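As structure tokens, one chain now follows by itself in the form predicted on its own.
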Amino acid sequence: MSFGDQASLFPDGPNGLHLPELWLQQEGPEADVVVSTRMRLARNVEGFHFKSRFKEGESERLEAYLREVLLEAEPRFRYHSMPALSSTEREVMFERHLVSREHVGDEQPRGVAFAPDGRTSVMVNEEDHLRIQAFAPGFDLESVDQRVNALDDDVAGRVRYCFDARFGYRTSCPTNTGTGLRTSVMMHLPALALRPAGNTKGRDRDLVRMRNAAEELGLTVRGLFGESSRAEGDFFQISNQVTLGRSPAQTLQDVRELVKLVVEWERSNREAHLRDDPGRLDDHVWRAWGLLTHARRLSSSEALSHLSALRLGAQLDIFHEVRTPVIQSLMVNLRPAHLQLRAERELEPDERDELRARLIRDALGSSTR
């Protein structure tokens, strides 16, 4: 099975759903530790109420207006009205980080636009009228900054944003007022999370140190899917909390400073594990390989945990049976909604676990041939 051909994995849905390319199959700067970089801008349009104060029919008018604006600003975009998609298709969008959890479950008219390469997306009628996002593999603040601001400028040339000369961009939530900028870096930190043999406090100490360093810079550490999510598979997101009174340049500098520090800590811990107890690290990686290539049922969290160990092994050259892009593709494609979209029906939890285990066995087996 090839996980590079998205069309063969997921047929178009009944509403003509077209999934973007999975850019996580590529690697970027600092790819051994940094999985991806994301930048998001919150914007609202003058002439319309904030979402919490929409009048009757206003959300429909705004969505139709912004759909036209976005497709004019970026003709390559594909646009989907969220209510027209099935619940599974909406969940797939969430699992690819194209939309937020709130955008999936909301009942109001809303939409999502995204580029075919999956590196840019825009949520319409989420908490704010527009949530403009750009993504890149690895640690690449410059690339996402350039692309998200270019699209923001294109849209601003067609609409008038809610802007205050004193406070900056006006948003539904005060925590986004000012720049409206949220910068997030997804990091894989298995060595920080792996306690040294005989040390029951190592994990907590290192993770607390990371969170303390983040707080000092006005940043926060979250889980795989952002706010309120858990750090599954030792994946953590570092992002800014402050948008008012802090320039975009300063925000990027703060994020850059902390990410570089955490990258150093993670690499140092990996070297320490290899030096002090290489057999334990080998066992951690190869045990995961054994379970993934032989298990008959695997939950999402269990699969992600073992794939995390394989990613560590691939980055440390402990084994060469599978490449990192294949692992990262599996991490996305084997989440619950992706499996159901592939099966073209709702699956019971046990059915998903069995299908996930079989697809992993097939993918890892084919990677060795």
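When you see a residue number, it is the position in the sequence shown, counting from 1. No experiment lies behind these values; they were computed from the predicted model shown.
Another form, the form predicted in complex with a further copy of the same chain, is not on view; read the next lines as being about it.
Decide whether L291 counts as a contact residue for a further copy of the same chain in the model of the complex under a heavy atom distance cut-off of 4.5 Å.
Yes.
For K260, is any heavy atom within 4.5 Å of a further copy of the same chain in the model of the complex, or not?
Result no; K260 lies far from a further copy of the same chain in the model of the complex.
Does A295 reach a further copy of the same chain in the model of the complex if we count a contact as any heavy atom within 4.5 Å?
Within the cut-off, so yes.
Does any part of E30 reach within 4.5 Å of a further copy of the same chain in the model of the complex? Heavy atoms only, please.
E30 lies outside the contact set for a further copy of the same chain.
Of the listed stretches (309 to 317, 296 to 304, 62 to 70, 32 to 40), which one has a non-hydrogen atom within 4.5 Å of a further copy of the same chain in the model of the complex?
After filtering at 4.5 Å, what remains is 296 to 304.
Looking at E74, D282, E232, E127, which is the one with a non-hydrogen atom within 4.5 Å of a further copy of the same chain in the model of the complex?
Comparing distances to a further copy of the same chain in the model of the complex, the residue within 4.5 Å is D282.
Among D154, D277, D145, D106, which has any heavy atom within 4.5 Å of a further copy of the same chain in the model of the complex?
Answer to the contact question: D277.
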